[in-house]
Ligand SMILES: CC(C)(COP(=O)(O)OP(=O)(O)OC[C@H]1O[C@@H](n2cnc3c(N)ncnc32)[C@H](O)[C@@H]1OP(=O)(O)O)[C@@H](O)C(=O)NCCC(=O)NCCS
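We begin with a single chain expressed as structure tokens, specifically the form predicted on its own.
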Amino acid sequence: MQGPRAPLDTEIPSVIEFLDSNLRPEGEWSITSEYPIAFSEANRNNIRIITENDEVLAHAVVRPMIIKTPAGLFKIAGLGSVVTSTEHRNQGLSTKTIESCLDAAKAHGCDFAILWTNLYDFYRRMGFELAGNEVSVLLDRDITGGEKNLKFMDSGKIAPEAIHRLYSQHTVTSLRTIDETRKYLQIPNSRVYTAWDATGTLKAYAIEGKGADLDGYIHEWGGNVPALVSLFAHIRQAQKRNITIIVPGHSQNLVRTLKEHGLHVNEGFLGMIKILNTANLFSKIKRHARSLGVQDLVLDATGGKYYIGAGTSVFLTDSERDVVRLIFGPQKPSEIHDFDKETAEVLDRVLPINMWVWGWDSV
């Protein structure tokens, strides 16, 4: 066996054929259409394969991204398309490709890695933990209100610049180019809903579906709350079916408004997260704490142990899972550990940090 390693240019067709036959056996399109950035030539060196006699046996891909947040910029690694051929499973090949992807992410200077899966125990063995704050809102009834006199369109044939303008207004988002937005608009099996005012200005957008994934889920949206409410009302009336709206936990105004319309809200996790660069991540969070006026935040790692607290009140743990949950939530630190009142108040001001990856960027 050879690898894990990045594929050669000449091997890309066989890699894609392997992925399509194993992950999209009945698909009407290639997986490369669903993940145009992850499988671009620019990201080829972040793909990992194991081969034998020129046959691909296992695959994983990692995609570095820059995430903008109120706490600063974070470089993260999205991990996905992990698969081993049926006849070569239970040999540790997927673990090897994942570990190689994480090594590549560390080489890129990524602060942490994130993935989306229901194989929790498998990924916990590699140090991942469920974390982050995701709210699911079930759009199962007609709603009213919102911004008036909007015109709605159900089509992806719109200028990517218009989508990009609203997308860029999010306080927590990955840094994208207009060209990347253009490629996302071409992803098959995606429904693009938009709301426009009388001047022809895009006021809100919502994206449902992404190839074989996220059907029935609005996984990305942009615009002010009144325009979004009107757009969601239009989607419900036009589709006449239940649709789940995925919302970052920090989008409190939207969540509160949808609750007022009687919609059911369920709180969950963003994904499974693993810290890759502890020193760099802790440094950024402490810098953020100082910007909030917190000068004595304790967030350090030494000899496999983690120190978290404020002043002389410090929580000690050797579990990276504890640290991931404290930093990314969804609970506040005071809900995870019995800190004294003063320390809890300090930590709750800083943590968890607002972190989000929109559906188009999932890997």
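Numbers follow the displayed sequence, beginning with 1. Worth saying up front: this structure is predicted, and the values here are computed from it rather than measured.
What comes next is about the form predicted in complex with the ligand, which is not displayed.
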*Though the ligand is not shown, can you say which of Leu119, Ala238, Ile178, Ala107 has a heavy atom within 4.5 Å of it in the model of the complex?*
Leu119
*Looking at His170, Arg165, Lys151, Arg89, which has any heavy atom no more than 4.5 Å from the ligand in the model of the complex?*
Arg89
*Per-stretch contact check against the ligand in the model of the complex, the hit in 199 to 207, 77 to 85, 155 to 163, 289 to 297 (non-hydrogen atom, 4.5 angstroms)*: 77 to 85
_Residue contact check: Tyr123 to the ligand in the model of the complex, 4.5 Å heavy atom_ = yes
*Quick one: does Asn133 come within 4.5 Å of the ligand in the model of the complex, counting heavy atoms only?*
no
*Tell me, yes or no, whether Leu93 is in contact with the ligand in the model of the complex, where a contact means a heavy atom of each within 4.5 Å.*
yes
_Residue-level contact is defined here as any heavy atom of the residue lying within 4.5 Å of the ligand in the model of the complex; does Ile12 satisfy this criterion?_
no
